[in-house]
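What follows are structure tokens for two forms of the same protein chain, given separately as structure 1 and structure 2.
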Structure 1
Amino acid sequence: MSNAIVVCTWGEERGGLPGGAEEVLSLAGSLARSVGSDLVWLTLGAQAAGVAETAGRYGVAALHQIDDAKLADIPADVAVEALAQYCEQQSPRIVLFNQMAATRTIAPRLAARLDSAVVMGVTEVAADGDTFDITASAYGGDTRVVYRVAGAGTPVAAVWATAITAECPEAGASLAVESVAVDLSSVSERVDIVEPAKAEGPKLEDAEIIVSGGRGLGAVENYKLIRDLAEALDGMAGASRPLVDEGWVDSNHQVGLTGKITKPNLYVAVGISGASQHMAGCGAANAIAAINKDSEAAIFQYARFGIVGDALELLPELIRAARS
């Protein structure tokens, strides 16, 4: 389906869909309608349970799948080869990914294979004829920059799904999957994973409520108040980078540009100044509540609710209120 807007995803997360799929489809669907192109959804490896029905709801014209034993864990070398062959066959107008750890490796390499541009941290894409205006996060999420991408080739964009609100334009019937054949027999992965990282329990990036602590807590023993409030609110505990660097909590709790990118309904920031690197990980929350002794702290620029006060005095009262 030449000249299509292609969204590429893999795996299965919350709701039986690949992570960020609905948000990227929403952005891509708006782009496809604006330029009169078809929207194509390409999945790599085993297809997630909710893909066919979701494709119909988001106005996807064709649902493609590349499935091969070598794609079981989406190794980078194999994925890049599969996508390069797909683009050679299909000649898409642009390829959009959800930005996550794997796409940081795959998207730039695919663009190099296609001899085209790549933009990471994308929040918006518009088209003017054969030119794309791609808006991306810059300076740790503190500002936005617009890249004008023109010329031949298929540009590649990795989208910050957490910065987008999915808008489902229509209700449609489930789509039948179309298998796309590629030859991966000559590809060998150059990096061997001896033991994959194992994540147990709920994931911070999936939490509806997050309570995060920062340097304003003063001492490591005070982080227990963050855990207690998170538990009382049926949420999860997070932290700013300094707490992770100082060994108070492990990196699975870190929110920010170099940690987890989250999109909760409520984000409670306790003793956190509001640096741009931290806000890149929580700025997409539906509501931010901040507690900080410094009335001039940057976090209050982002917060819907703010309390200027000593967190160590306020947290026990909030925990009691939440538990009752």
Structure 2
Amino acid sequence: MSNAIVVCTWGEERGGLPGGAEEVLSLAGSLARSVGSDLVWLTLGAQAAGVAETAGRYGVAALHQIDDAKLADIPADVAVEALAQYCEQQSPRIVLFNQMAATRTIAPRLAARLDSAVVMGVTEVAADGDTFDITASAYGGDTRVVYRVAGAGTPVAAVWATAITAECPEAGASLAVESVAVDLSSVSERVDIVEPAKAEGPKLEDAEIIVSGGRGLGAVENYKLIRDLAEALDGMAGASRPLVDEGWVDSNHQVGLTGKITKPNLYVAVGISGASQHMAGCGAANAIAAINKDSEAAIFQYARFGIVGDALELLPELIRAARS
């Protein structure tokens, strides 16, 4: 389907959908409507359970799938080859991904194969003819920059999904999946994962409730209060980066731009100032509750609930209340 706005996803996370799928579809859908192009959703590998129904709701015109045994864990060399062949066949107007770790190794290389531009950390896309104005976050989320991408070709954009609120404009029937054939027989993956990172137990990214501690806790032994409150609320414990840098907790706990991008229902930030790089990992929470002794702390600009006070005095009380 030539000239389409193509959203490419893979995997399955919360809600039976690939991570960030609805946010990227929402952004891509409004772009497609504004330029009069079709919205196409391409999935790589096994398709997540909720894709066909979600495609209908977001006004997707065609649901494509490239499935091949070699795509099982979405290795980058194979994925880039599959996407390059897809773009050659379909000539999309633009390809949009959800920005996550794997996208960083796929999107720029796809753009290089297509001899086109790539923009990462995208928050908005507007188009006029062959010219795209692509807004992206810069300096760790402190500011925005607009890139003008002009000329023929298929630009590639990695969308910062947590910065977007998905708006679902249509209600439609589930779509039938169309399989797209590509030849991956000659690709051999150059990166061999000898031992995958151990991610035992539940993931912070999937948690409905997160209690995070920051430098305001003062000392490593006080982090236990964060764990206790998280446990009492049936949630998970997170941390700001300085606590990871200091070795108080391992990096699986770090929330933020260079840590985990989370989207809980409730995010409790304790002794955290609210730096933009931290908010990049929790700003999409349904509600933020903050405890900080500085009433001017930036975190209160994001918080729906706030307590100005000493975390070390408040936490034991909150733990007691949550347990009872």
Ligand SMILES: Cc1cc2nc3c(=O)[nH]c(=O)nc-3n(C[C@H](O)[C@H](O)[C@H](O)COP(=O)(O)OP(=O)(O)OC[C@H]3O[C@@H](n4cnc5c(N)ncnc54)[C@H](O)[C@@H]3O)c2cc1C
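Rigid core: the largest C-alpha set superposing within 1.5 Å between the two forms. One-based numbering along structure 1's sequence throughout. Being a predicted model, the structure only gives us computed values, none of them experimental.
Engineer: Does the form predicted on its own correspond to structure 1 or to structure 2?
Structural biologist: Note: form predicted on its own is structure 1; the other is not.
Engineer: Could you check, with the core superposed, whether the Cα atom of Leu315 shifts 2 Å or more between the two structures?
Structural biologist: Yes, the C-alpha position differs by at least 2 Å between the two structures.
Engineer: After superposition on the rigid core, does the Cα atom of Ala117 shift by at least 2 Å between the two structures?
Structural biologist: Comparing the forms between the two structures, which are aligned on their rigid core, Ala117 does not shift its C-alpha by 2 Å or more.
Engineer: State yes or no: after fitting on the rigid core, is the Cα displacement of Trp41 between the two structures at least 2 Å?
Structural biologist: After core superposition, the displacement of the Trp41 C-alpha between the two structures stays below 2 Å, so no.
Engineer: What is the magnitude, in angstrom, of the C-alpha shift at Glu296 between the two structures when the rigid core serves as the superposition reference?
Structural biologist: For Glu296, the alpha-carbon shift amounts to 4.7 Å.
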